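In the block that follows, a single chain appears as structure tokens, in the form predicted alone.
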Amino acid sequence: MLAVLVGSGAMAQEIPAEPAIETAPEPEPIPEPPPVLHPPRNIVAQDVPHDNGGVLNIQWEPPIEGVPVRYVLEMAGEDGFFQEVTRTALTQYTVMQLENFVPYRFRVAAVYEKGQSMSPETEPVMARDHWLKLGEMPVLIAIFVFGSLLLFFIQAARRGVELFVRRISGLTAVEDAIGRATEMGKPVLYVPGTSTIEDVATLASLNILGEVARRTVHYDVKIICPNKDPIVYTIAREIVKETYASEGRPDAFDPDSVFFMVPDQFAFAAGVDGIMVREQPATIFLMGMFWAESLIMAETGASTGAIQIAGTDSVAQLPFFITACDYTLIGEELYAASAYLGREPMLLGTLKAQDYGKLVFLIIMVVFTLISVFSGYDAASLVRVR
């Protein structure tokens, strides 16, 4: 203990110092326990049923109900290495574009502010293709409806039921046009397009060629059929030859009436123009698929004074045919021509089935449109194909 002297000399007095107050040491802070990071629970990976394969659906439960957590989904393939698939706040995810019959394993990490917790791996699961695909049920229903209509109208045509087909001016004029060639003693020129046999318009043109050839046999009129494609030429020649034989006039068939000219586009157009100028046909048929040469041939034919009947499904060439030809078959009229001319039950039944099939699907479209407009529901999702 220290003393303090007060005063001076002999009168100085010693005043004892106040005792020091001892303070207790501050207690050390107790460390907070580390937060418990719970992983996601009940992870389930499974194949999506009734689909085309390549899709797996992963679902899990949150680690703590009511606590918002973000998740990281990881996937491992045959190599065994996990790779991140997505980051999401949802508790499910659909993984697409996978290989079928390849085992995949998944795990999900719950991400917190102070870390993350990884769940256990799932059992290996494989995506596979299913023979029954619910997403393609609309296609199956459409096939069933159209097939039923097709069988019904074919049987009706075979029983002799009169099936109404809208009058097509260009086809109604075929008989008169060939009759005009008979009166004038001039040939009929038939050009089956400038495309290949893979084109639908070419196939429709060859069907019409058979009906036109049948009428030329009846009227004893020469038919001229130049071809640009060698395969189309071979088929066209057999069609005309078979038509003459089926009509009891095989000796009247001229092998040189159907011929292959040249595969070049504008060289073929020039050759056809030359035939028009030299032979002066009374009737010209331009049926099938045409390109930039359409107006060249149609204008030359118009200059000879021939009756021209054209038909194509090429939207770009229709204006030229409509302008330069007397009659033009537009789009599907070309496909309906063989049934219109021949009245064969199979073709007529197919034509009527197509018409009524379009009517059915038009009604379906209108109904679903009204549902979507008045209920606010996305009606297209009902028929969505995965």
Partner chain sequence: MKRRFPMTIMFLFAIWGGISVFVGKTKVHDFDNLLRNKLLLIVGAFAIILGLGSLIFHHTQKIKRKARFWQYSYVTLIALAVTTFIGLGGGVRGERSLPTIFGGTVIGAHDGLVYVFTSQAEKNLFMDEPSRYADPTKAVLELPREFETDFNRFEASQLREEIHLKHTALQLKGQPIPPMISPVSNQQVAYKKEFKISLQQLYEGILVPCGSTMFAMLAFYMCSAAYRAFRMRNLHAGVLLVAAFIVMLGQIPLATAFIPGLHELRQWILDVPNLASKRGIMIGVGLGASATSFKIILGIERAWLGGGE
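Just so it is clear, the model here is predicted, and its values are computed rather than measured. By rigid core we mean the largest C-alpha set that fits within 1.5 Å across both forms. Numbering follows the first chain given and starts at 1.
Keep in mind the form predicted together with the partner chain is missing from the figure; the text below concerns it.
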Next item on the list: Please run the contact check for Asn207 against the partner chain in the model of the complex: heavy atoms, 4.5 angstroms, yes or no?
Entry: yes
Note to self: So, Val125 and the partner chain: in the model of the complex, are they within 4.5 Å at any heavy atom pair?
What the structure shows: no
Notebook entry, point to check: With the partner left out of view, is Gly185 within 4.5 angstroms of the partner chain in the model of the complex by any non-hydrogen atom?
Noted result: no
Notebook entry, point to check: Using heavy atoms and a 4.5 Å limit, would one call Lys114 a contact residue for the partner chain in the model of the complex?
Noted result: no
Notebook entry, point to check: Of Ala173, Val72, Met75, Ala270, which residue is found within 4.5 angstroms of the partner chain in the model of the complex when only non-hydrogen atoms are counted?
Noted result: Ala270
Next item on the list: Let me know the one among Val36, Met346, Ile64, Val44 whose heavy atoms come within 4.5 Å of the partner chain in the model of the complex, would you?
Entry: Met346
Margin query: So if I measure heavy atom distances to the partner chain in the model of the complex, which of the stretches 255-263, 185-193, 162-170, 116-124 falls within 4.5 Å?
Written below: 255-263
Notebook entry, point to check: Looking at the partner chain in the model of the complex, which residues in 178-193 have at least one heavy atom within 4.5 Å of it?
Noted result: none
Check: For Ala245, is the CA shift between this form and the one not shown at least 2 Å following rigid-core superposition?
Finding: no
Next item on the list: Using a rigid core alignment, state whether the CA of Ala306 is displaced by 2 Å or more between this form and the one not shown.
Entry: no
Margin query: Rigid core aligned, does the Cα position of Tyr327 differ by 2 Å or more between this form and the one not shown?
Written below: no
